[in-house]
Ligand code: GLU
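A lone chain, given as structure tokens: the form predicted on its own.
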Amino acid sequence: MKRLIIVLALVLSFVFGIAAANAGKIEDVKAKGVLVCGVKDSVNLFGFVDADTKELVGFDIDVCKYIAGKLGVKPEFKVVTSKNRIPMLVQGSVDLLAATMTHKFSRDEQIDFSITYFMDGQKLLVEKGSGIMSTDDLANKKVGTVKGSTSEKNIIAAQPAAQVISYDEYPQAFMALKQGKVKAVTTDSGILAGLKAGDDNPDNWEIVGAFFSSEPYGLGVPQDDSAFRDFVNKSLNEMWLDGTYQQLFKKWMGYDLPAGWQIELWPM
């Protein structure tokens, strides 16, 4: 009898273990009552701390709030960096990443992505009148960017003779530019626009050059959970179709969506 009880206990444990493993992110999030989103806190316009309220705000923050609302739960935010965001999702510290993250095939080896929810490209932020107008002008010059970002690799590919200095966050790279430690800061144009707009003297700086990379932003989701990924994609479609996306874009970017661009829409 004792042996039978032990066997039954092991069988039930195995069954419940499978059930828990198959529960999926949607059930997990609903059970917790919160959607934990990994976001940046130092990228103006996308994810940053409001100087007055001391709260996290930005385009990515509002996207998370919308998806949490669709799930019927509250959003909760954890700050991530370009370097640790994927490990935090893989480890389960966050349920979703909304962190100005370019969708790359190499990143697909660890996590899955939503459809592209924001399209950008890489440019340069320089001091006005510096004479730097493109990557051609960066040979043998120091350029600031952020550790673990696609910008590190893209600038080397665009200008192999540049000396790339990588910082933990974009404000640090911008500070290096203001202190004369680097001649340019490079990353996605939307992030550069946020750095410039948040400066006390924005007219001292300019964003220059043509796009030298394509940066399709995707929301990071746990790998091999198609139900959750599909839910996120459907939520993004609904955000576009009900007009919320366009309102948030104008709210944070300060201008209407570029003509001809829309997120990938699927038939409902």
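Bear in mind the structure is a predicted one, so any value in this text is a computation, not a measurement. Throughout, we count residues from 1 along the sequence that is shown.
The following text describes the form predicted together with this ligand, which does not appear among the structures shown.
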Would you kindly say which of Leu124, Leu89, Ile191, Val143 lies with a heavy atom within 4.5 Å of this ligand in the model of the complex? Ile191
Can you work out whether this ligand is within 4.5 angstroms of a heavy atom in all three of Arg85, Thr102 and Ser151 in the model of the complex? yes
Want to guess which of 171 to 179, 194 to 202, 69 to 77, 94 to 102 is within 4.5 Å of this ligand in the model of the complex, heavy atoms only? 94 to 102
Is there a heavy atom of Tyr217 lying 4.5 Å or less from a heavy atom of this ligand in the model of the complex? yes
Arg107: touches this ligand in the model of the complex, heavy atom cutoff 4.5 angstroms: yes
Note that this ligand is not shown here; using its position in the model of the complex, name the residues of 52 to 75 with a heavy atom within 4.5 Å of it, in sequence order. none
